[in-house]
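Quick heads-up: it's one chain on its own, the form predicted on its own, in structure tokens.
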Amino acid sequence: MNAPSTSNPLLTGILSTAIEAAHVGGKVLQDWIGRFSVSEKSRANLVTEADHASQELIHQTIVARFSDHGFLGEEGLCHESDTSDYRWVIDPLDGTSNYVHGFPYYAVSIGVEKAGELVAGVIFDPNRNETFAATLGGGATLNGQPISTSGETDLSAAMAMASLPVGGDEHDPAIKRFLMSLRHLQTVQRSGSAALNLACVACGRIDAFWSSSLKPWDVAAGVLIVQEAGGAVTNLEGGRIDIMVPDLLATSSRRIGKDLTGILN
């Protein structure tokens, strides 16, 4: 599969490995689906096992080529490197609740940082066999073909996704933002997978996505993919994005982003 172009051989190798690892992880997730029992508790336990199994094979695939790199993963993976500036940020299953219930909207997400700057990202949707990828300065692709955001600038014509907290009530700031946004956007949805929401912003399927409850592994790949597809990614107040802080707004254009910051704050 073709990947975003880059003149950096190391970055090319990193992205190729990320794509391979994401596919390996996705296959694990699909292979585990048939093992779920009717019991919700049993299903949840098996999902945890599937999650761990996916991350383990992803990690093994990467370490085989980049053994000196650092790692941060959702399932307890945390390894700081003393010899490399690179760190892989891995979510082996983004969209766990969807996965548990058989709703086909989940993905594997792998982002790569160099000295804290995102330089490569891959999101793999095993249900649609779609691989979103990007390198810093190399553009973004979907299954090897260049992609771009919709470029939508009219808030009233925009479709958005929002992350909402589990068990949140009407007093939760995230719920208040959601309700406020309904007055201004054409439609606002909640999907359950931040990684795929970001991928959808990048390829023009939706026009905005925001959250105040995500972890770095949820967004590391998607932030770069959106940026390389021509979109804007900031915090909810329009400032510089920091994936270590749960505060994100990704939009199809800076105009939409500016308008939304005025509404969501």
Ligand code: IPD
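Worth saying up front: this structure is predicted, and the values here are computed from it rather than measured. From 1 onward, residues are counted along the sequence shown.
The next section is about a form of this same protein that is not shown, the form predicted in complex with the ligand.
Enquirer: Looking at the partner-bound form in the predicted complex, is residue 149 within 4.5 Å of the ligand by any heavy atom?
Expert: No, residue 149 sits far enough from the ligand in the predicted complex that none of its heavy atoms falls within 4.5 Å.
Enquirer: Does any part of residue 181 reach within 4.5 Å of the ligand in the predicted complex? Heavy atoms only, please.
Expert: Because no heavy atom of residue 181 falls inside 4.5 Å of the ligand in the predicted complex, the answer is no.
Enquirer: Taking heavy atoms only, is residue 193 within 4.5 angstroms of the ligand in the predicted complex?
Expert: Because a heavy atom of residue 193 falls inside 4.5 Å of the ligand in the predicted complex, the answer is yes.
Enquirer: Report whether the minimum heavy atom distance between residue 228 and the ligand in the predicted complex is within 4.5 Å.
Expert: So residue 228 does not count as contacting the ligand.
Enquirer: Which of 58-66, 234-242, 213-221, 24-32 has heavy atoms within 4.5 Å of the ligand in the predicted complex?
Expert: Within 4.5 Å of the partner lies stretch 213-221.
Enquirer: Under the 4.5 Å heavy atom criterion, name the residues of 57-77 that approach the ligand in the predicted complex, in sequence order.
Expert: Heavy-atom contacts to the ligand in the predicted complex: only 74.
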